[in-house]
Every structure is written in structure tokens, then in C-alpha cells.
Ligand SMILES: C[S@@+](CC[C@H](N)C(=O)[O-])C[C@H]1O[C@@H](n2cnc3c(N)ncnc32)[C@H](O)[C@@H]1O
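Heads up, the chain below is alone and in the form predicted alone; it's given as C-alpha cells.
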């Protein structure tokens, strides 16, 4: 009698993990194209290969399983990963909203969990807009915009040179050269020099510390007005008060006024922290 394919990871690991070990199994994972990225608890490290092989059995669309090998660290907030099963490959080919993106895991920051935000903002972008895609990484925001909107172009600023290399490859791969301009550098240095008052819209999907770039981002919006999408990790108990205060204070310093269009929870991050997005308009205050 032919064996039945297991329906989920727990079922695939019956007889491999003990009842006690099952308590430590994390069944959720990130799908980055052909690579699955999963967290392995310390109690299960000696069986990590078996867990990876079980994940490949349940999800044959994956070619490789990586485990998270540490926290986000370093200047570029990169999360190290280790291959535990399948092909020994850390370069993912990820698909989203009609795009294909090359992602060198362990060398760049990338989150598939913001795909719904990229789709949402794409529906808001108007014909002819110039968009500031800040902290652009390998290019998911500006390239999705280029493939799905009638914007004029996106200026994609990123500090990590390896991410910019991936982004340049992704621009060619998606045939959006001329509509996405990759810029290597620090947002707080580049905007005052080249992009003050240049953008109709600016997107700020920084993993951590976006508030440190609010001044430059607000300054990047055209004097006639524009929109900022501001992301921040905040306490779950009071997610918006401090963020709204920061936005209004910084706009006032620059003689500008803001109007909050939307504020919402994007995703959970930990037991006490969530990621939120605040969409707001900016324009020069009347004297």
C-alpha cells in the first residue's frame, strides 16, 4: 500500500521527535521563493536536519531549508542563516506581484511579510509620481511599484552595498531600468544633498529606528505636498501616541503641516511589540 504524504510538519515528524521535543517545534516559517527559513529552538538543534528534511517532504516546492542562525545584527541589520536541508544554496529567487527578486539570504535584509504593504501602496500611487523608496534593500518596494503602477520613477536609496548589488540585478531581471534608480548611501546624507523637495511619495520600511530618518523624509516631499508611509516597531499597549507626536513635531520644525490619512497594525513582532504603519500627507504650512 502506498504511503500517504504527511499533511503538515508535525505529522511528518511523528516518530522522529519525542512528545517532549514536539513542544519546542516551531511550525511557522518564512517562504522566500525556493527557500524556507525556519526557527529551530536550541532543544532541537541535534535534529535540525531531520526537521529540514521533513519540511521539504511536506512542501516540495522548496529546494532548500535554512534555519535562523542568530538575531539581526551589524550595521546593516542582517540576520544570519544556515542551510540545514536540501540544496546548499542561500540565494533565493522570490516572486511577488509580477516581479522576480534575487535575495542573498544572510547578506541582506528582506521580509516577505510586507508583501501586502507593497500591494496596498501600489494601488495608491498615481500616474507620474516620483517615489522615494528609502531603505530599499534588494528592491521589493520600488520594483513592485514599477511593475504595477504608472509612477514616473522611484529613487531607491540603500546603505548595504550587497543589497544594492542584488537590487541592480533585480532591476535588470524585471526590465525596469530607467524607472527604478538604485542609490547607494545613507538616507540622512543623500536626501539633503540631492533629493530635498523632490518626492511625491516616500516609503520608509526600515527594520528598526525609522524615527531617526523622519526629518530627512519629510524634507524630501515636494513643497506642493505629498505622502509618507512611516513604519515603526512600537509597544502593543500604546502603538500610535509617540509616533504621531514625533511626526507632528518634526513637521512643525520644518514649517510644514501634516494630515494623518491612515494608521494601522502591520504585523506582530513579539509578545509586546508590533509593527505599525502611519500614512500621512505633508505640505508647506501657509504663513
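Please read all numbers here as calculations on a predicted model, not as lab measurements. Numbering follows the first chain given and starts at 1.
Note that the form predicted in complex with this ligand isn't included here; everything after this is about it.
Colleague: Using a 4.5 Å heavy atom cut-off, which stretch among 182-190, 168-176, 81-89, 122-130 contacts this ligand in the predicted complex?
Modeller: Heavy-atom contact with the partner occurs in 182-190.
Colleague: Answer with one of 144, 202, 157, 154: the residue that has a non-hydrogen atom within 4.5 Å of this ligand in the predicted complex.
Modeller: Comparing distances to this ligand in the predicted complex, the residue within 4.5 Å is 157.
Colleague: Is residue 111 part of the interface with this ligand in the predicted complex - any heavy atom within 4.5 Å?
Modeller: Looking in the predicted complex, residue contacts with this ligand include residue 111, since a heavy atom lies within 4.5 Å.
Colleague: In the predicted complex, does residue 214 come within 4.5 Å of this ligand, counting heavy atoms only?
Modeller: Answer no; every heavy atom of residue 214 is more than 4.5 Å from this ligand in the predicted complex.
Colleague: Residue-level question: is residue 206 within 4.5 Å of this ligand in the predicted complex, judged on heavy atoms?
Modeller: Residue-level check for residue 206: yes, a contact with this ligand.
Colleague: According to a 4.5 angstroms non-hydrogen atom cut-off, is residue 195 in contact with this ligand in the predicted complex?
Modeller: No.
Colleague: Kindly indicate whether 76, 136 and 140 are, all three, within 4.5 angstroms of this ligand in the predicted complex, using heavy atoms.
Modeller: The answer is yes; 76, 136 and 140 each reach this ligand.
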